[in-house]
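First, one chain by itself in structure tokens, the form predicted alone.
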Amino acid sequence: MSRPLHIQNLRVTRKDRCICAFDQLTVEQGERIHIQGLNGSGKSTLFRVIAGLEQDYEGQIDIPAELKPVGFVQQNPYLFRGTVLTNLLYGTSGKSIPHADDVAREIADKIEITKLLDRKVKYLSGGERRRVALGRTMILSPALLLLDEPFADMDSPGINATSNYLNSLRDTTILISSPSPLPEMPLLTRVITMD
């Protein structure tokens, strides 16, 4: 039995103001959890702590080896200059990923961005940029996936493609943040509200 992700008494404070507070969260391997809350409730900060990007906090964060590597697609993902394909392959540089180009094209097909592979990223819409960032992360096969408002700026086809792809990731533990209910995700195990 694998150990779960565990968060206990998390507090992140800036200028004497608590910007993120989470008393307890235990996430079993393979769970899909929706972290729901209004803007400013601390969702992004929570994800930054779990991803290791935020080091200044109080409390306990225990991420077992079974849930590493951690993939994090931020709310406003940064894309590198160049094409969609070069962005998808960016994280594979220096890593041993067999047939990385084929894997990138397979993921692009699943999230329905194949027709965009040769397009310069500066010409993408906000929703297309989010799908590219998701694809770039998934090439590295993260065991734990953190998605900060992944459906923002997406049209209906983009939402459908993304939710179908996420539903297909049976072995990946997924935490999704958003201020509102998610599109249909039948494998969602819990909804947790941050105030």
Partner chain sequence: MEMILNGITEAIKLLVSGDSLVLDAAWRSIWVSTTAVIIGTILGISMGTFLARHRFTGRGLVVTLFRGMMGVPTVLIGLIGYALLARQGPLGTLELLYTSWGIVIGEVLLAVPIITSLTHGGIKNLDPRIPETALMLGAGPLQRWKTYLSEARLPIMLAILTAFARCFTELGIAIMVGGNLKFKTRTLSTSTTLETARGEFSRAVAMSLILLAIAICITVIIAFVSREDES
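Numbering follows the first chain given and starts at 1. These figures come from a predicted structure and were not determined experimentally.
FYI, the form predicted together with its partner chain isn't displayed, but the following is about it.
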Here the chain is shown alone; which of 169, 61, 51, 159 has a heavy atom within 4.5 Å of its partner chain in the predicted complex?
-> 51
Report whether the minimum heavy atom distance between residue 41 and its partner chain in the predicted complex is within 4.5 Å.
-> no
Would you please decide whether residue 140 lies within 4.5 angstroms of its partner chain in the predicted complex, comparing each non-hydrogen atom pair?
-> yes
Examine residue 70 and determine whether its closest non-hydrogen atom to its partner chain in the predicted complex is within 4.5 angstroms.
-> yes
Heavy atom to heavy atom, is residue 114 within 4.5 Å of its partner chain in the predicted complex?
-> no
Has each of 76, 91 and 122 got a heavy atom lying within 4.5 angstroms of its partner chain in the predicted complex?
-> yes
Okay, which stretch from 148 to 156, 29 to 37, 43 to 51, 161 to 169 lines its partner chain in the predicted complex, with non-hydrogen atoms inside 4.5 Å?
-> 43 to 51
